[in-house]
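In what follows, one protein chain appears twice in different forms, each by itself as structure tokens: structure 1 and structure 2.
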Structure 1
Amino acid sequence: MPSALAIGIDLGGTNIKGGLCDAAGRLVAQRAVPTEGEHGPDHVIGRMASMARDLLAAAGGQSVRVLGVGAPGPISHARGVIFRAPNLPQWINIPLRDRLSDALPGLVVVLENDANAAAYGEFVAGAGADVEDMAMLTLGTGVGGGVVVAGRLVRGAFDNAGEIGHMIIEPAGRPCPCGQRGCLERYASANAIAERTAEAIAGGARSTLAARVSSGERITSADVLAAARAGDTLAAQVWDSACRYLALAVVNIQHLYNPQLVVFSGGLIQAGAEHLLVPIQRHFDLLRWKIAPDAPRLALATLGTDAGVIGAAALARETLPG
């Protein structure tokens, strides 16, 4: 892999994060600014370009030839276009790659889905650094994903491979904003865990969270986990159900890609191995087939919020010759 430094930028609805990365995926400089998405795409693209120039200056004269951007999707990697960006409502069919290329002459710009970029970051410099085949599930407000096979990110014919959160795990199940029903993220994301608990309470289920829900207070997945750990039966059932759905997704991933490793990232991993990995592993061991010894190892991500920046930079660097 070429030794030149590369810039990675992670575009989020709240913040833009950027970094200057070396060939080993180490961050040698970092920046972060508010996205200010309410001011529209032109304003945000200007902020991204300004951050890139700042990172170029931080390189101190070392060669920087590429910029990778991880952005919420769906996107087209091949065309460099964001079709729609969650939490950035004015972003419809925005040619981000070309806009940044025009603003930053001399830099090759690569656009990637943010979950793919984060997965690739964990692959090159985090939990997956010792494997060649890996899948990652990002557990936050939704469920994102990314898949690496034989060291290469899987994008698919339409640049939408790895949308693990929209794997259907309950036919005719809960409606999803994507237009499908029964998607994984409607059962196992942070938002879904809180929503399912509140719905059960509204339907008459007993819970220590009932007074808060009845008063109109919004509960979170962290509240549900805390209640479960304190002995709340409903909260424990919802949390365990989410872990079972995640295990079911791992079984399907196992048979589709046969990875050595499945990594979990995002806000839900704050629950820790005991309360997330252990129950997922327990359900996975019950659900998976037993006719071949090909079960992937399960692990928590190690790079935190840096994964998207590192992955975007690493994917951009792959466009360099040599």
Structure 2
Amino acid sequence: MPSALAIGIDLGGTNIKGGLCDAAGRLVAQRAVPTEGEHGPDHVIGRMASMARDLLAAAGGQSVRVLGVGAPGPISHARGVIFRAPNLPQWINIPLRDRLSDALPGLVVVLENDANAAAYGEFVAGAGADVEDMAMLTLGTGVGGGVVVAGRLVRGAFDNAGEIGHMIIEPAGRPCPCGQRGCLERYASANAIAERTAEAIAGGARSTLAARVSSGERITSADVLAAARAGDTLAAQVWDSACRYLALAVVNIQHLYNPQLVVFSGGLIQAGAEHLLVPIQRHFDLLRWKIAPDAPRLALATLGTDAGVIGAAALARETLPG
């Protein structure tokens, strides 16, 4: 395996995170800046290039040949293009790989889906380090997914395998900005949990959060969980139904890939095992295919917000000749 350091950058709607990673997936330098996506792609690409230069300088003369970038999809890994980025509305058909290559001569740039990169990061250096087959769901603004089969990331023929957040779990369900209806992301992302609660309150449901919603405050999934824990029936129902939809996704993932492990990551896992894993496991045990004896273990991610950076760097390093 090539031993050189690699740069990983995770492009998010709020922040750009970057790091210099060694061959074992350890971060030896880290950077984070606000994305400032409102200024458009040119501005954001400039910020990514500056971060990469800063990380190159931090390498102190050690060889760095690759930059892996994780970005929300759909993307083309083969062509290095972001087709659409749900949290960066002006990003339509942006050739991010070539734009960064032009700005950073001497670096090979590799584009990956952000959740694929994060799943791979957990696979090489986190919760999945002791398995060969795993799937991961990232639960944040959206729901992302990544799948590793027999030790390899599954990209599919057109690079968008593992878009688990856009699996349809309610035909004729809630509209998604992606154009479909009933996507998992519209029920079980952090944003969806807050939105579904606020919509129910607007529709007349009783809740301890009602006054805050009526005053125009934007509640969060953490507010919903706190209300649920304090005995709010609506909040508890919305939270539990998100866990049930996630369990349904795990059932479907089991049928598709038969992994040993399904990992949950992203902001929502701050709820902790008791409030997230335990209810998902309970629903999974009710819903799952019981005629097969084995089932995947469910776990929380261990790398926190670093998984995307570590995974993007690791995937980029793999493109180098051994």
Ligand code: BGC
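Residue 1 is the first residue of structure 1, and the numbers go on in sequence order from there. If you superpose the two forms and keep the largest set of C-alpha atoms that fall within 1.5 Å, you have the rigid core. Keep in mind it's a predicted model, so treat the numbers as computed, not measured.
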Matching the form predicted on its own against both blocks gives structure 1
Whole-degree rotation of the smaller rigid portion against the larger portion between structures 1 and 2 is 9
Met48: Cα shift between structures 1 and 2 after core superposition, Å, came to 2.8
Core-superposed CA shift of His39 between structures 1 and 2, in Å, is 4.2
